[in-house]
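In the form predicted on its own, a lone chain appears below as structure tokens.
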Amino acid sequence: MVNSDFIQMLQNASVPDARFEFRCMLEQITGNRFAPALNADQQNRILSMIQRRIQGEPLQYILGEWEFYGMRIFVGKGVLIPRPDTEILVDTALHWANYKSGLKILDLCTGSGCIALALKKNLPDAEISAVDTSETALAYAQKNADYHHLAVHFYHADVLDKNFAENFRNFDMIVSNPPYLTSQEMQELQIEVRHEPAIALFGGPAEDGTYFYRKITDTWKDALKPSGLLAYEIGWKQAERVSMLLNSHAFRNIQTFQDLEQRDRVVSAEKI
């Protein structure tokens, strides 16, 4: 088989950006996105990858990695795939930090660790802690930290556990990309996204998907220093509700930031 045959297989299965996805697979196997020919072993390996993709498995899981904020992030079944929209949260945090030294930062619902590691890479003298309830996700987070030689303190715990949260104080910044999809949105997920852990996607019993924002704000606000920053990634329809929530908890300088599609994606605020 030639490369065009593999691309055609993906196109026939209605895989979006089939040519791009094939090039990613090709690079994974050969180290070259434009390898002109494959030997028998390479053909078998790429055929296996294509069959997995046709069955709906995310490309990122098949490759075992994805890029986030210019960093190689290892991912697989059981961990949320890093997305470009989440880079807006990192941008927001770094802009607020403005290269201040010695910051103490907490990342809640860390998943693959991509946010915490991007912050550590850009704020090397910051002390960064990260929490997640999934042992699988934390294993990937630690693998990513080890790969990039970045020191982040990872904790296995429920981010809604107030007793656990009481052990943490005096943070300059708390960031979080919590689960925020509504029940309706969960039912409408693309087949690829259904492979990702529901625990990292579903926003809980609140019909508007804001359950975790309310619980996290209440549970962790005392861990922030006065004038400290709390920044959330949000669903694009949730900015007003999350802003009102933060206002009700006496936060100030509440701001909303848009993603590349000009949709509301991050809400940040400072503790009074």
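Just so it is clear, the model here is predicted, and its values are computed rather than measured. Residue positions are given as counts along the sequence shown, with the first one as 1.
Although it is not shown, the form predicted together with glutamine (GLN) is what the next lines describe.
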For this session: Counting non-hydrogen atoms within 4.5 angstroms of glutamine (GLN) in the model of the complex, say which of 83, 77, 153, 95 makes the cut.
Result: 83
Seminar exercise, completed: glutamine (GLN) in the model of the complex has a heavy atom of only one listed residue within 4.5 Å, and of 139, 126, 193, 88 that residue is 193
For this session: Would you point out which of 140 to 148, 156 to 164, 127 to 135, 194 to 202 contains residues with a non-hydrogen atom within 4.5 Å of glutamine (GLN) in the model of the complex?
Result: 194 to 202
For this session: Indicate whether glutamine (GLN) has at least one heavy atom within 4.5 Å of a heavy atom of residue 112 in the model of the complex.
Result: no
Exercise. Should residue 71 be counted as a contact of glutamine (GLN) in the model of the complex, where contact means heavy atoms within 4.5 Å?
Worked result: no
For this session: Indicate whether glutamine (GLN) has at least one heavy atom within 4.5 Å of a heavy atom of residue 103 in the model of the complex.
Result: no
Problem set entry | glutamine (GLN) contact in the model of the complex: residue 180, any heavy atom under 4.5 Å | yes
